[in-house]
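Quick heads-up: it's one chain on its own, the form predicted on its own, in structure tokens.
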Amino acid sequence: MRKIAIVGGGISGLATAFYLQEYALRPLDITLIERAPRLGGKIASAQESGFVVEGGPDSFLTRKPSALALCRHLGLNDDLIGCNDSKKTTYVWSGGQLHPLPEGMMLMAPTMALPFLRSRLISWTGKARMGMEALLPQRRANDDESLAGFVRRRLGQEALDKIAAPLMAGIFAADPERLSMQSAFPIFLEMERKHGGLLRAILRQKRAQQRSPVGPGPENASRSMFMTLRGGLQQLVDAIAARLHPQTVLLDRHALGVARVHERYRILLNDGSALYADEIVFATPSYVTADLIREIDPALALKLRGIRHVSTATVSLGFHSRDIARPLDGSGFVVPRNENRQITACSWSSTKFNHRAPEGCALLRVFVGGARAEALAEQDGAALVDLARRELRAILGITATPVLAKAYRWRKGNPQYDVGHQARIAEIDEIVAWHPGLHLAGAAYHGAGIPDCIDDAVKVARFIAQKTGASREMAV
């Protein structure tokens, strides 16, 4: 029987183990090794006092279908909930007050003229500079560029500072001066390449929609862009774990090193034991993988260490609704760096999704750290809660003691897609191909979201199952 070892029990490793079971027609001996006492990695949900708290991601994109398909395959369809689109306004903290993003903003590009012109977020000079985007020539070079470079070139500095950096770089907890457009936001590069600019692309899309209006039939029924699970995303982790064979998972164990011995991989564990595997899947952060494979391929280890990771933290605070004077009439707010605050954003969780707070209460989630403020995220939990309360007092005027406070720290938990990331990953993939039975999966490579990690897992599981000579196809 072919032996498979999976190192790392986050969503990438879990999904790999699950799909290996699903794809393979012949029995496989699968062992998943996780150093923590729980599975799920950064997917961590808690249910306390009627609140549903997410420590890591709180939802997944439906535009990339693999996470939604996996939830349905696991029988979680009745627990899927979408975000409240009627309350999707995002605010920006600027000049000491919250400004709503103009209606119709496509991340950083305005799609509706009047709401944009009426907005007080961007100065008239900044609006004029953004409007000039339609007149600018397209970039001819095909090399990668940073988010900051792209936005300055197309829309100007104010659009970068107040919109693109806090919103778009914030998704990756990244420095906009280093974040790769090719890897993080290729759609905007394609808009420029195909149409000459963002505003021109948007206008042409609108005209096309007017010429070919979408009917109201069931095949075109609207679906929320983001979805989650009623009891938190931990439901997805638990549902996968419940489907794995009991002998598959080793918790509280971690690999100390990996060697190639007689065409197999030997994994030395911290309890002194060793596992031998024909195929090994590393679903660990790239810097952890680098340490494990340095004896097998020092050059590959060096490439993997070149993928930076940064620290972040989330602090969830529950309050009685009566203690919050300002209406929580949107999804939350982001904070530009030049505002000199100690948080990067705040999600109004109980407005964004139903079933997140008990009746008469509200749940807010504060984001700390990232590429430009890692030290703030590496404080202990009590210090993080104090920081979050101070910031919400200054921004939202909340002085009450929270009825719930829960902090999660993710030290070096966010991979950074720096300029040149695609080329770096192509080099890594080329080296990996020289090592039979060695596979990489996870957020550091081809996409950082839950659907991206599941896509990685599907690809690896399908490849391994096909090597056994007998595999079934599945719709994912």
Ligand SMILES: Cc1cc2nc3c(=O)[nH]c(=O)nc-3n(C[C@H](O)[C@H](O)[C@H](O)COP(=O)(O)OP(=O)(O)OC[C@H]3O[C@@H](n4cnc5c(N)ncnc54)[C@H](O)[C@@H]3O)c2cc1C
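From 1 onward, residues are counted along the sequence shown. Quantities reported herein were computed from a predicted structural model and do not represent experimental measurements.
From this point on, the text means the form predicted together with this ligand, which you will not see here.
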Exercise for review: Within 4.5 Å of this ligand in the model of the complex, counting heavy atoms only, one of 286-294, 121-129, 241-249, 369-377 shows up; tell me which.
Suggested key: 286-294
Exercise for review: Scan Arg424, His446, Lys42, His435 and let me know which has any heavy atom within 4.5 Å of this ligand in the model of the complex.
Suggested key: Lys42
Check your understanding: So which of Arg266, His355, His254, Arg341 gets a non-hydrogen atom within 4.5 Å of this ligand in the model of the complex?
Key -> His254
Practice item. Would you check, heavy atoms only and a 4.5 Å threshold, whether Asp58 touches this ligand in the model of the complex? Key: yes
Check your understanding: Is Pro65 close enough to this ligand in the model of the complex to count, meaning some heavy atom within 4.5 Å?
Key -> no
Check your understanding: Would Asn414 sit within 4.5 Å of this ligand in the model of the complex, counting heavy atoms only?
Key -> yes
**Study point:** 4.5 Å heavy atom contact, Trp410 and this ligand in the model of the complex
**Key:** yes
Study note, to complete from the structure: When this ligand is considered in the model of the complex, the residues of 293-326 having a heavy atom within 4.5 Å of it are Thr312, Thr314
